[in-house]
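Just the one chain here, laid out as structure tokens, in the form predicted on its own.
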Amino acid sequence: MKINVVLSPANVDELYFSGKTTVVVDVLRATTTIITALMNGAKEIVPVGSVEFAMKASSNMFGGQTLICGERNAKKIDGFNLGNSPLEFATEVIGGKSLVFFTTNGTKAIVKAKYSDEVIIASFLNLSAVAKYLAELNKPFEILCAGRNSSFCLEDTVFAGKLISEITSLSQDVELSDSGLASVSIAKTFGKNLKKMFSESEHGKFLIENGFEEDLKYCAKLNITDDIPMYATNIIKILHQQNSERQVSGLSTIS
């Protein structure tokens, strides 16, 4: 099982991911928010790569049952229902609804990985569940760090290193690329206190300056869910939901 870390989406093109298993991470904050929304009962999430496409996608869905969510430069976009703070995505707000979601870095990375065989959405909230799934899958995979403005970011790389370390504790059959080795080393240096690491990172400082310090505390929560969101056919749903729908679809086809 070879593990490679793509430190920024700018380093590869879309076709690079063809046929691969890809884990997308943007811990501050998109993938944390996606996981939280699905934990709290969102029906599905449609990630998009531009504000214009978010508006178009939401207009083609069911009005009151669809929310348009996202941010530009950390702030909620005018006309959107919600921003990108995971603390906004409470059950009473998003339960049962479809969410069209755009963010500066995270959703662009998810969409870029669309040609993968599997796209897994990860953050510190579900790190152990993702590690167990990948160890059992026992296939080569990529960790795509959303980064910040097409550049390296500390927090996503620390996550990548921690995920690799947990997988290597579960499986002996692991081979790391140079970027994988570097991520493990960076995680050992900076990953002992996640909240502290966030507050010292460039993007963490930016979020604090814009009033989102509570988000950093939440994003540092570790292993609070076993949910594993998967991106397929332009939609993100929790893995067991997708499997159930495939089974129902298969039965319908047989009948």
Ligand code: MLT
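What you see is a predicted model; the values in this text were computed from it and never measured. Residues carry their position along the shown sequence, with the first being 1.
Below: the form predicted in complex with D-malate (MLT), not depicted.
- Considering D-malate (MLT) in the predicted bound form, the lone stretch of 66-74, 185-193, 35-43, 50-58 in range is 66-74 [heavy atom distance within 4.5 Å].
- D-malate (MLT) is not shown here, and in the predicted bound form it never comes within 4.5 Å of any heavy atom of S123.
- Interface membership of S116, defined by any non-hydrogen atom within 4.5 Å of D-malate (MLT) in the predicted bound form, is ruled out.
- Among heavy atoms of T103, some come within 4.5 Å of D-malate (MLT) in the predicted bound form.
- Applying a 4.5 Å heavy atom cutoff to D-malate (MLT) in the predicted bound form picks out H203 as the lone residue from 174-203.
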